[in-house]
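This document starts with one chain, in the form predicted on its own, laid out as C-alpha cells.
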C-alpha cells in the first residue's frame, strides 16, 4: 500500500488531499496542529471511516522538536509522497504599517517548516518506491509574474519556499527523491475566498495528477495546477 504524509491536513486543500488519497486506497499520515480540537472534527470523522488507512498526528510545523518527534515515531515507515501543505497567508497591512512579528511567523511556517520537514523525513522518502516531496507554493510566489504592491509577506514566503524546493532537488537527487513546487491555483478555501474560480476537489485532483506522473527529470520545477511551468 502506498503512503502519503500531509501537513496542514485538517481543512481546505489538506483535508481534500486526505479525502482523495484515502479514496484511492493509500495509507495517509494526516498531520495538523490540534488533532483533538474542533478544527480537526472533519479530519477525525474521515479517519474514523477509513478502515485505519488514515491516521491523525499532532504536528505544528513551526515546532521543530515536534517535527523530529513525529519523524522518529514513524521511523519504520516508508513514505511515497510527502506534501508540505501547511501554510499561512500572513499580514497584508499598508506600506509603513508592516507587522514584522507576523511577517516572521509567516516565514517560519511557509519557508522554514518545509525545509525542516524535508530534513526530518528525507530518509522515509528515500526508503519508498515513489519518492516525491511536494511543497504547495503559489503563483503569487513567482517573482517573474508578480505585480507587487500587495501581500508582500505571503509572496515573499512563497518565493523563498520555491528556492528551498529548488535547492532540495539538488540535495536530495542522489537519494532518488523528486522535489516539486506546486501552485494549486486560486481556490475557494478560507485563504482563497469565495470569489476564487477553482473548487477544492478540482485543484487537489489536478495537483495529485502532477505528483503521480512526476519524474526525476522534473525535480526542481515549479508547476501550476494545470501542468504548465511557472517562471521563478
Partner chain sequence: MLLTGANRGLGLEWVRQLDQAGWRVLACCRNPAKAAELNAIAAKSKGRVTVHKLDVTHHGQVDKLAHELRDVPIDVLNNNAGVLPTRDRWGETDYHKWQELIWTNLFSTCKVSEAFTPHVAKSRRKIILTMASTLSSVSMPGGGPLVWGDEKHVYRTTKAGINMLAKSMSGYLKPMGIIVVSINPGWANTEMGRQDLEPDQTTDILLDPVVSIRSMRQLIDKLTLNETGNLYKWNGEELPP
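Residue numbers count along the first chain shown, from 1. The shown structure was predicted, so the numbers you read here are calculated from the model rather than taken from an experiment.
Keep in mind that the form predicted in complex with the partner chain is missing from the display, and what follows is about it.
- Looking at residue 155, you'd find a heavy atom of it within 4.5 angstroms of the partner chain in the predicted complex.
- Contact annotation for residue 196: none of its heavy atoms lies within 4.5 Å of the partner chain in the predicted complex.
- Under a 4.5 angstroms non-hydrogen atom cutoff, the partner chain in the predicted complex has residue 174 among its neighbouring residues.
- At a distance threshold of 4.5 angstroms between non-hydrogen atoms, residue 164 is in contact with the partner chain in the predicted complex.
- Taking a 4.5 Å heavy atom cutoff to the partner chain in the predicted complex, the contact residue among 159, 88, 127, 74 is 159.
- Using a 4.5 Å heavy atom cutoff, none of 33, 36 and 227 lies near the partner chain in the predicted complex.
- Residues are counted as partner-facing when one of their heavy atoms sits within 4.5 Å of the partner chain in the predicted complex; in 89 to 119 these are 93, 94, 95, 96, 97, 98, 100, 101, 103, 104, 107, 108, 111, 112, 115, 116, 118, 119, in sequence order.
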